[in-house]
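A single chain, nothing else alongside it, follows as structure tokens in the form predicted on its own.
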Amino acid sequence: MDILIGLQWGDEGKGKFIDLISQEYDMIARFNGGANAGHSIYHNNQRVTLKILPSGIFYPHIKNIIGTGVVIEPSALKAEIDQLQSLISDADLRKRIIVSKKAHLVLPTYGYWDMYQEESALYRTIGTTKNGIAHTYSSKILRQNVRVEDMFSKDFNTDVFQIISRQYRELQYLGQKMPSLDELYGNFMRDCELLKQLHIADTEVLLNEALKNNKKVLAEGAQATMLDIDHGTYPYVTSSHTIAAAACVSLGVSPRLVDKIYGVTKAYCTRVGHGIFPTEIIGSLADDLRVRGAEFGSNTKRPRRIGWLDIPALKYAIMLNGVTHLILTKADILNGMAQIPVCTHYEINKQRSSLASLSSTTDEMKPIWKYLPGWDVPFAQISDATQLPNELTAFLSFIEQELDTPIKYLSTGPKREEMINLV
């Protein structure tokens, strides 16, 4: 099994790369998160954002697994499937989707808890997408949630109504505005009917059988390393584990079966919402890069914060994940700049550090910069590594040397074919 993860704060271009290499695999398995993440893919020159579905969904030969570690909002999944079926006339699309019976369901009141907590002075403001993901995971840990397999239980309707009616009363008491309880409950139960029609299985068994029979499996991560609930920039993180090791836990596959670990990073950094961001750029240059790079959330459309490439954070992410292959995206967005700043170290309490976890206790860190020559080249005309300008080749070599990890692929634009193999 190979694993693909993001090395920064998300939005690195994972979906595009997975789309590029998908044809090499028999199964692609999403292992974490929910509808709070979005992987953007260009299909027939149209940009499509996948939120819950794995990125191999466009290929008829690929089985797309929604793994046990994913939390599923039935209405979001239904909308995503409906959107795809309006774009591609493929009657077998649903047959390519396999859902873990142990995956947890996002109940309709959870998003309203997000709204309430984000707007209340009694709670820390995180900058959540308000999809109810954190409340699903917390209810899972409290053992108070329902799973996909529970939809087939005779007590499912009663259990769901009991949970959401209790939460509805609590939210009403707190003053949160919501639709009627009957509407929330009725819509949720209706959307569960579509979910029940999909192939629901013990996906850990299917994955292990596939690997035993030498089938190729790619585990697809959502969000990214610096948003990991344990190892990211807590508390401004996501609610699931995003690092490579989480794929084994969430999919039920032994670490002994892992082969390649792909890590995707931009040539600069972005993040959405609150939290530490030592290399952040403020002002007109950030605004310019944001527009040039279309740095607005795939899911929320929120403008992303912009920063220069952060080598200490990347070293930390590569260490956590055991990355074997790097994929670098959006070097084309920096095209035309005279110099490219790169953070090589931090100064923390007058001490120089070359490896940083960016915890909340290290927010007083001063970046130490190296300025590399920029490049100016028509990226649309680049089809292989021999056509790269010397300045970009030097930039890539510098990153490889600093990180002690080879860059396998370089993205030269947003489309699937705009990617060159460097090794």
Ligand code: IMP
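This is a predicted model, so every value here is computed, not measured. One-based numbering along the sequence shown.
Unshown form predicted in complex with ligand IMP; subsequent notes refer to it.
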Interface stretch in the model of the complex with ligand IMP - options 201-209, 85-93, 336-344, 268-276, non-hydrogen atom within 4.5 Å: 268-276
Residue (of K130, K140, K101, K315) lying close to ligand IMP in the model of the complex, criterion heavy atoms within 4.5 Å: K130
Heavy atom within 4.5 Å of ligand IMP in the model of the complex - the one residue of I65, L392, A37, V70 that qualifies: A37
Partner proximity in the model of the complex: A247 to ligand IMP, non-hydrogen atom cutoff 4.5 Å: no
Exercise: V106 in contact with ligand IMP in the model of the complex, heavy atom 4.5 Å: no
Close approach of L328 to ligand IMP in the model of the complex, 4.5 Å, heavy atom: no
4.5 Å heavy atom contact, T225 and ligand IMP in the model of the complex: no
Neighbours of ligand IMP in the model of the complex among 1-26 [non-hydrogen atom within 4.5 angstroms]: W9, G10, D11
